[in-house]
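A single chain, nothing else alongside it, follows as structure tokens in the form predicted alone.
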Amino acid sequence: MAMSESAATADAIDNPRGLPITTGTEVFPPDNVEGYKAFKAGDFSFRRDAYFAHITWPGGRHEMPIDVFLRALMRDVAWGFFYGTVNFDHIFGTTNYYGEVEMFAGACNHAYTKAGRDFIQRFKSDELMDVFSQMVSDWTNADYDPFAAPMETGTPWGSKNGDNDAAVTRQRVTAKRMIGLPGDTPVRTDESGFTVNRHFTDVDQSQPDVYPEPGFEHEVSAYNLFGYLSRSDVTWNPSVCSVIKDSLFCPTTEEFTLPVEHGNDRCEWFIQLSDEIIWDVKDGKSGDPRATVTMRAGDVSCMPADIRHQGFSNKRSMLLVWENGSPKIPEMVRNGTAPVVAVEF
């Protein structure tokens, strides 16, 4: 993600828990039962069988259905650990410090923290990313795409059966200025391999006419955002489509369930462009319920900086995510110099 590198170098890396860097990763040969490799990062170990991902750490263990785990792992890899916390579920996840990352079990679960059973280790981002990238590659079979909606892909179950590296190594779109500008990310077309999704066959595909004054051909541009999004081949993967300093417009298409509970480290604006998403909003630290928000086309909401959220979309919908990519915000939120809400009424 474009913001991660700038955040990692702009200031000293934030480490509010004062954790040391954990080193040491290991990849084990395929087992002789299902044929999958096992992985180790610090004191966390990972293995999969036909149906489940198994995670262990000193004094604890956790199982997740392999489809749930792979969809979450795919986003953590593709997003570069994203902004804040990526909760794979109510137990396991990662928190991004933009150059370093914490991997945890139970740290965002009130019952675990109250009982003192939570476990956290801190890694260099590139070292943990290498393990996660190898894991999603090995554990994804030939007919399964953890980026796609369930009805657009095969199943992840069973023994090792090839791979789908073409899917799991997709590069997230990160425009430098705006989609379609000369030298920037191109507009999607049939010729470039992006077909219109089955849910968006009614979306107008015409492009605007732009007549820049001579000398401004590289500065003035426009494109059909709805047409661009109608050709997205992934779900729940915000792409940076326009950039003005720290202001990032990150539209995306959503179908089925957001594969993670995203824990914000800054306020995050949502503009519902089409159809409907229901958001399950929880306290960021404890996981206690906070709200249920139903957004329909034209609705605008702001997710506070102290919550986590997960969306549900029965029909593929279009969502504009508006991010402030400043690397200074997370620490300011933690020390109280930036508010956890964007506006007060």
Partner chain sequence: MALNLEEEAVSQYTTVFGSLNDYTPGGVMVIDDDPKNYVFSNVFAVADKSAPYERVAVAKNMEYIIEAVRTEGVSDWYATAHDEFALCMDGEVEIELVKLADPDSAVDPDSEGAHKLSGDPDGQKMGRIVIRRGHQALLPVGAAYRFKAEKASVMMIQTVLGPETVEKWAEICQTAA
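Note that the structure is predicted; figures quoted are calculated from it, not measured. Residue numbers count along the first chain shown, from 1. Throughout, rigid core stands for the largest set of C-alpha atoms superposing within 1.5 Å between the two forms.
Below, we refer to the form predicted in complex with the partner chain, which is not included among the displayed structures.
Exercise. Looking at the partner chain in the predicted complex, is some heavy atom of each of 41, 252 and 258 within 4.5 Å of it?
Worked result: Contact check failed for every one of 41, 252 and 258.
Exercise. Of 236 to 244, 69 to 77, 94 to 102, 125 to 133, which is the one stretch near the partner chain in the predicted complex, taking non-hydrogen atoms within 4.5 angstroms as near?
Worked result: Among the listed stretches, the partner-contacting one is 236 to 244.
Exercise. Which one, 153, 159, 137, 195, lies within 4.5 Å of the partner chain in the predicted complex by heavy atoms?
Worked result: Here the answer is residue option 153.
For this session: Could you spot which one of 173, 187, 178, 107 gets a heavy atom to within 4.5 Å of the partner chain in the predicted complex?
Result: So the residue touching the partner chain in the predicted complex, by this definition, is 178.
Exercise. Could you tell me if residue 223 has a non-hydrogen atom within 4.5 Å of the partner chain in the predicted complex?
Worked result: Contact with the partner chain, yes.
For this session: With heavy atoms only and a cut-off of 4.5 Å, decide whether residue 328 touches the partner chain in the predicted complex.
Result: Flag for residue 328 set to yes.
For this session: Report yes if any heavy atom of residue 208 sits within 4.5 Å of a heavy atom of the partner chain in the predicted complex; otherwise report no.
Result: Yes, residue 208 lies within 4.5 Å of the partner chain in the predicted complex.
Problem set entry | Heavy atom of residue 315 within 4.5 Å of the partner chain in the predicted complex | Looking in the predicted complex, residue contacts with the partner chain include residue 315, since a heavy atom lies within 4.5 Å.
Exercise. Which residues within 269 to 287 place at least one heavy atom within 4.5 Å of the partner chain in the predicted complex?
Worked result: Counting only heavy atoms within 4.5 Å of the partner chain in the predicted complex, the contacting residues of 269 to 287 are 269, 271, 273, 274, 275, 281.
Exercise. Just checking, between the shown form and the other one and with the core aligned, does residue 323 shift 2 Å or more at the CA?
Worked result: No: residue 323 shifts by under 2 Å between the shown form and the other one.
For this session: Classify residue 335 as shifted (yes) or not shifted (no) between the shown form and the other one, where shifted means its C-alpha moves by 2 Å or more with the rigid core superposed.
Result: True for residue 335: a C-alpha shift of 2 Å or more.
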